[in-house]
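Before any questions on binding or motion, here is one chain by itself as structure tokens, the form predicted alone.
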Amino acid sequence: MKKTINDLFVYVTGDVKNKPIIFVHGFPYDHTMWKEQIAEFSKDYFCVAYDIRGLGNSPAGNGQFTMESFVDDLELIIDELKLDKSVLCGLSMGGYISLRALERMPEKFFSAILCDTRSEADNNEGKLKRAAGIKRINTEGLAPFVRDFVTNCFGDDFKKNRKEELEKIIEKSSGFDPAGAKGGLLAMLSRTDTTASLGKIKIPTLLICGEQDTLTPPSVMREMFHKINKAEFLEINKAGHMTPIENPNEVNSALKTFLKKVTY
């Protein structure tokens, strides 16, 4: 079922009486990156996925976004849908949103799943790289930026064996509002560092990382894992940064095993 909450495109499926799972996508994608997970878990959970403001079907407005405004949107969705103690699942930028949400409103979540993400804020090199991305979108348009950025998100196996699928993903993201993409880059560039709060996470947490992820390598996520109480860590075979798309069966199996332990 499709809903609109404060102009945001929200997709819900499953029995509302079941434990809720909120899926927060990465940049520059939309909620459909979770389609394999939603199809699997809507049988036993109430699945909520949405397009982050400025991406997918959620309008960009003026494109002036911060990570705080993204967390505001998440909180509004939780409150509007009256979700109680959700499982929070975020990837990459969705992980940044999730980590800040765990700082701001930990009481709203039952457990967390952090995929291919990091707690550290951008260093100067990272900020300059985001700024260069904004400049490139301004001068060349969104499509060239998206092609390079999205291609770099995927591991060698996916790029070699699933070229047609990769092209469809690139084409879809290239059609988003450039103002929304630039707003996402601004939000990531200016986000706070959540590393100091990792030790304060009290809920069961699963960290997932693709073995071929060059953006947030397994070594980076292992450092996060060691700082979180009640955490588990798992590498996903034959996957880069986009594990739920590249190896959905292994990701679904990992989520299922984790959720059975913490929700039943």
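The shown structure was predicted, so the numbers you read here are calculated from the model rather than taken from an experiment. One-based numbering along the sequence shown.
If you look for the form predicted in complex with a small molecule, you will not find it shown, but the lines that follow are about it.
Segments offered: 102-110, 85-93, 136-144, 158-166. Contacting the small molecule in the predicted complex at heavy atom distances within 4.5 Å is 85-93. Mapping the unseen interface onto this chain, residue 172 falls outside it, with no heavy atom inside 4.5 Å of the small molecule in the predicted complex. When contacts are judged by a 4.5 Å heavy atom cut-off, residue 149 counts as touching the small molecule in the predicted complex. In the predicted complex, the small molecule lies farther than 4.5 Å from every heavy atom of residue 77. At a distance threshold of 4.5 angstroms between non-hydrogen atoms, residue 188 is in contact with the small molecule in the predicted complex. For the three marked residues, 27, 215 and 241, a heavy atom of each sits within 4.5 Å of the small molecule in the predicted complex.
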